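Below you will find one chain, with nothing else, as structure tokens; this is the form predicted on its own, and questions on how it binds or moves follow later.
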């Protein structure tokens, strides 16, 4: 099975209900890039990458498409058998840009799963469950509104809530955390996500002011060096998210002992194949983590869920997908959905989702004959 043609599409994903507010930015519409790889035997594999704007990470939609343009011509005619060989070919075409390569990696695995008749989770080591927990992300908002939504989401079955803070005065962030805790208590695990928005001093101050509340503190400060200075000074466990820019960063954080857990993004780390390495590193050190992505439709959602299913459930912090924030699905027959706070792992071969024909319009780029 060889790569015959690569088609590239875009899809605009408006945020349902208004802007998605974080410490670093507000986003209203996300620009997703889709890669369709057509094999010489007629099978088709799909991949997706969807940066949440140009500020959250050093990723952006136009950058993804420029990177794809560098990589794609060198893949035409390649055999789809060894994912590692294909990764080497991509690296020989372009250094870095893992978030663009991740779309290809998803599509390779989708094709291989289709050829072998097995779901992608099998290719990633095998599923340990057929249903993974999701978690809900509460955007930066007022104490009362955030607590109200938190209460509603716990009632629908979510077992973990992520409370976004930052970009405003510390007192309001502290009030939000207290209100959410009063509303849900131990009914859900709470992660307080600073999205790199706090100084070291502010992180320590907030930690002290919320000392009696049970939560994990996710990426409070901008850099790994800043977070390293928090070691031994915090009451709450500290998780890394944005600082995990590649496998080496994860290894460094584990070696330094500065991360009590992680929020992993599939595209940030370069794709599902590379994610299995950090998953296994976390297994060795018994470190909990999530399997997420920044944004995207059913393709990215399926990729996150397949990976999450291969993680030991006791260390699985949940899978975040954008389904709650966008309208519709790429695959109307087999959508990836959250039901009672959990997501069923696709059981069909490959990723288990297939965009409806023509839904993305004409390709913005075609590589191959």
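Positions refer to the first chain, counted from 1. These numbers were taken from a predicted model, which means no experiment stands behind them.
Note that the form predicted in complex with a small molecule isn't included here; everything after this is about it.
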(message) Is the small molecule in the model of the complex close enough to 52, 195 and 241 that every residue in that trio has a heavy atom within 4.5 angstroms of it?
(response) yes
(message) I need to confirm a contact call. Of 279, 164, 101, 236, which residue comes within 4.5 Å of the small molecule in the model of the complex, counting heavy atoms only?
(response) 164
(request) Could you check which residue among 137, 222, 122, 273 gets a heavy atom within 4.5 Å of the small molecule in the model of the complex? (result) 137
(request) Determine which one of 74 to 82, 197 to 205, 126 to 134, 292 to 300 lies within 4.5 Å of the small molecule in the model of the complex, judging by heavy atom distances; exactly one does. (result) 292 to 300
(message) Under a 4.5 Å heavy atom criterion, is residue 330 part of the interface with the small molecule in the model of the complex?
(response) no
(message) Under a 4.5 Å heavy atom criterion, is residue 320 part of the interface with the small molecule in the model of the complex?
(response) yes
(message) Does any part of residue 173 reach within 4.5 Å of the small molecule in the model of the complex? Heavy atoms only, please.
(response) no
(request) May I ask you to check whether residue 265 falls inside a 4.5 Å heavy atom distance of the small molecule in the model of the complex? (result) yes
